[in-house]
Each structure stands twice: as C-alpha cells, then as structure tokens.
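Quick setup: one chain, the form predicted alone, written in structure tokens, and binding and motion questions come after.
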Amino acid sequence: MITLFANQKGGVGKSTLAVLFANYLSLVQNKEVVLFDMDNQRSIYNKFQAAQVLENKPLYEVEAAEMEQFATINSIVRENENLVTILDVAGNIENDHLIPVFQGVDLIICPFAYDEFSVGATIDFSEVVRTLNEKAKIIFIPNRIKTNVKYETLESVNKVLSNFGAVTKPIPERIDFQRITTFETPPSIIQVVSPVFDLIFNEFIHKYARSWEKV
C-alpha cells in the first residue's frame, strides 16, 4: 500500500506527521515500512541520516528520491503486499511530476489548519487530487491546533472537506513534537497521535491488507 502525505500549503506539519505515522506503523502495528522523502528540503532523510550517525537502530528505511522516480518505486513496492510505503512530497500542484504520484497512490493524508489560507489551499489541492485519482482515499488531519482558540469556521470547513474524504479529530500544537526522530516517538506524543492513527490504520490500512489477502 502506498500512502502519500501532501498538501500544497506549507507549514502544516506533513513531514512531521509522516515520520510519526511511520514510527506508529513500525512500533505499534509491527508493520514493514519504507519512507521515501521526495520533498525538496529532505528534512526526513536528513533526520534519518543524523540518527544513523548516532548509531541508532532504524525502525525502517528512509530513502531520498525524486518524484520522477515514482513509476520505478511503484513497480518495486507493489511486489510486497505487506509493505506500507509512505511518500512525503512538496505539494506544489503545478508540478507536472506530481501527476503520476497522485494517480498511483492508494491513500492520501492531508494535514491542514483552520486558517483562511490553509483551508483554501487544502480545498484546491483536494479538487485536483480527486480529479486525478477517484479511487484513492483522502484523510484530512487538522494539525497544530491551538486548544485555547475557538475556530469559528471549524464545522463548515469540516463539512466541505468531507465531500472529498474523512476528517479526523484534531492534533493539538505541542512543543515536544520537535523531539521526534525516525527511531523513537516520545510516549507523551504517542498518546496524542494514537487515536488518529488507530482510526487510519483500522479503517484504511488494515482493510486494504485484508483485501489483498482475498485476491
């Protein structure tokens, strides 16, 4: 199964959530995972390399890759139905190299925030993705949400996004998210993200795996 973390709006925490989700799948669900960092900043790959220098045992492999390599990656990872492949990409929907990526993935996880620019970009992103791939499941994660702020547009935004996919419970903004690595998730963070990731795993990853078994 190929899962894509993306949104054309930057700063919504997609790379952080991609690492957290990979850690969760490996540590909690004991799944075989590979993560391809296709973002220009290579923040996940650099984090992985730093862990290697410290001689930490990796939970999974992280590879730096270009979006142009997706066809090759797709053909290789599809040979192992038990493998969960995670992609982290820059979300510029005007990049033509993203088209085959959007068309070829099974699940799209889209973090966003309840501000005007993030919501607008997320809706535009969703319209493009849905046009290119009608079969992929889309999951929206309200991320970095301030618990002491009342978001006036929350219900209306969730209603609009639900036309494209499922909207999870929000993940609050926390300073300790900066402490995550590709080999460890602090227990305090596991408690925060597990309810959201449990839902994604049970409703999408696990069901997808079962459908493979029936083939």
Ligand SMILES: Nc1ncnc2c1ncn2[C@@H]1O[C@H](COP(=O)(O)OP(=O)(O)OP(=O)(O)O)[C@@H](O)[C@H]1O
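Start at 1 with the first residue shown and count on from there. Note that the structure is predicted; figures quoted are calculated from it, not measured.
Not on display, but discussed next: the form predicted in complex with this ligand.
Contact with this ligand in the predicted bound form, defined as a heavy atom within 4.5 Å, holds for exactly one of Phe70, Phe36, Phe48, Phe177, namely Phe177. Remark: Gly11 counts among the residues lining this ligand in the predicted bound form, judged by a heavy atom distance of 4.5 Å or less.
Put simply, Thr16 is close to this ligand in the predicted bound form: some heavy atom of it is within 4.5 Å. When contacts are judged by a 4.5 Å heavy atom cut-off, Pro172 counts as touching this ligand in the predicted bound form. Although the partner is absent here, Thr85 lies well away from this ligand in the predicted bound form, with no heavy atom inside 4.5 Å.
Contact annotation: this ligand lies within 4.5 Å of heavy atoms from the stretch 177-185 in the predicted bound form, the single such stretch among 177-185, 150-158, 61-69, 27-35.
With contact defined as any non-hydrogen atom lying within 4.5 angstroms of this ligand in the predicted bound form, the contacting residues in 130-148 are Asn143, Arg144, given in sequence order.
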